[in-house]
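The data below hold one chain only, encoded as structure tokens and taken in the form predicted on its own.
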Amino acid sequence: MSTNVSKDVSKERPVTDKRDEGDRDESQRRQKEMIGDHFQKLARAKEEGKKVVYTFVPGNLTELLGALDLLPVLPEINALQSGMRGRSGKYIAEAEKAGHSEDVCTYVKCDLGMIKSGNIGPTGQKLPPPDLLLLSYTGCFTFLKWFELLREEYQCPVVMLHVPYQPDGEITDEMRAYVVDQLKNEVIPALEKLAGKKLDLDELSRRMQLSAKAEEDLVWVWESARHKPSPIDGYFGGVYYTGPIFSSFRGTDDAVDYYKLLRGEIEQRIARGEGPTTPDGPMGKEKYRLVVEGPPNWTNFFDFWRMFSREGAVVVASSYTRVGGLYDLGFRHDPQKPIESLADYCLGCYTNLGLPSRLGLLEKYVREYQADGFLINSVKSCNSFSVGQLLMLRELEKRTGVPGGFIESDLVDPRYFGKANIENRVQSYLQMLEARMNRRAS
């Protein structure tokens, strides 16, 4: 590690989760080990002759990459990790200095700034450049421009999987055939060329079977929030629960073992009548049950979480934790139809749904998880999530009779997290909920 990198790491924002390693669940320690091992593999990739593919979380083809012994890198994950470690502000400034607009997605600017600053990953090790950019387009136009910029930076090939948008909330046979054709005739041949070998369909099917097992346990974890008190937080805690399956581990034994371990821990919490863990340890009495729409803020993640946990507010379901797959609507990777299953997965990602479908999903969560309210975190630089959210707020209030709240922040730009302002809004909203709940109880 160079002197500059060491200096950068030493100035990271201190972790504000007060629990030490001894207080953490075994699943949390296991996930940390898994992620660390993956970044170690990436650090050794070039010297060991491994090929690296950059791709995105929604619509990622992790099983396919794994079956061809290719290592994935997910730029969104690197950006949010940089935000949590206090690095993103500097990276964004570097990107804006290079001419990128203030209104550009801050994940993009953070990633570009990170590249210009040495491309140091979350574990402090240099990330390898991509051998190929795999663009699975699932509803976010920014992905296209992002990979154009990375192609210019790295001078490497790009393979695009174009995924049709779901205007009516339905995957048709024509949509599926369109994606399957691209997978068979464009994506897989390009990946085979990079890997230097043909795809083993039996190996792909084996990984699909592992994915389905992990997905089954993840859905159980999500739906455990129907209990009162909820044993999990489905937004702040939920981003940890989805980490392995949304990133590099779907289709692996590690993912199956992790979700089996996580499920066992939550079963024990339910048996003891416990709520979720928080940055301050176990949460006290559950007072408010919320559904949240939109990504969290990463630069002040634990402060943001505490605004809810210290008030007894638990998020029982969220749209953001479905951004990498809507498994609770019934989808599972199918080892009997591996290519078609990859297509259905990409087509069904949350970012590929229109506003009516997103509204329907949020309404389902409010009703089925018996939420007292719902909150929208409108992220300044993320048009994929933020467009139409005020309309969604009003319509969801009409459909459910449950009051909504609205706050504004950003993904990884610290300039757009006004702690006092957001905390005041959250507290005012929760006070309104409490008054409403008291009136109904009297």
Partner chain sequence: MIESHDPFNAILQKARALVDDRKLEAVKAWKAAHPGALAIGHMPVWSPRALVEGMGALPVSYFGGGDQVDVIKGDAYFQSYICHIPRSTIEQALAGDLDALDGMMFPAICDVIRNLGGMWKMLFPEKLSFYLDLPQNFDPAIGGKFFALELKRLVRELEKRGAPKFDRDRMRAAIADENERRAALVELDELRRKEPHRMRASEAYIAVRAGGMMTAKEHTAMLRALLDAAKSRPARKFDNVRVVLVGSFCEQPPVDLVVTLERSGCDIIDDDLQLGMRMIEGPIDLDAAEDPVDCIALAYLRKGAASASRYIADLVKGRPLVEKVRQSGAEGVVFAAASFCDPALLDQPMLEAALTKEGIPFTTMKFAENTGQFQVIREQAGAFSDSVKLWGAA
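Here the structure is a predicted model, which is why all the values come from computation and not from measurement. Positions refer to the first chain, counted from 1.
There is another form of this protein, the form predicted together with the partner chain, and it is not shown here; the text below is about that form.
The closest heavy atom approach of F304 to the partner chain in the model of the complex falls outside 4.5 Å. Put simply, L144 is close to the partner chain in the model of the complex: some heavy atom of it is within 4.5 Å. The closest non-hydrogen atom of T351 lies within 4.5 Å of the partner chain in the model of the complex. When the partner chain is considered in the model of the complex, V57 lies well away from it, no heavy atom lying within 4.5 Å. Site residues K193, Y327 and P335 are none of them in contact with the partner chain in the model of the complex, judged by any heavy atom within 4.5 Å.
Screening A93, A212, L74, L359 for any heavy atom within 4.5 Å of the partner chain in the model of the complex leaves a single hit, L359. Listed residues V379, L375, L42, L70 were compared with the partner chain in the model of the complex; V379 is the one with a heavy atom within 4.5 Å.
Of the candidate stretches 202 to 210, 153 to 161, 239 to 247, 271 to 279, only 153 to 161 has residues with heavy atoms within 4.5 Å of the partner chain in the model of the complex. In the model of the complex, the residues of 182 to 200 lying within 4.5 Å of the partner chain by at least one heavy atom are, in order, Q182, N185, E186.
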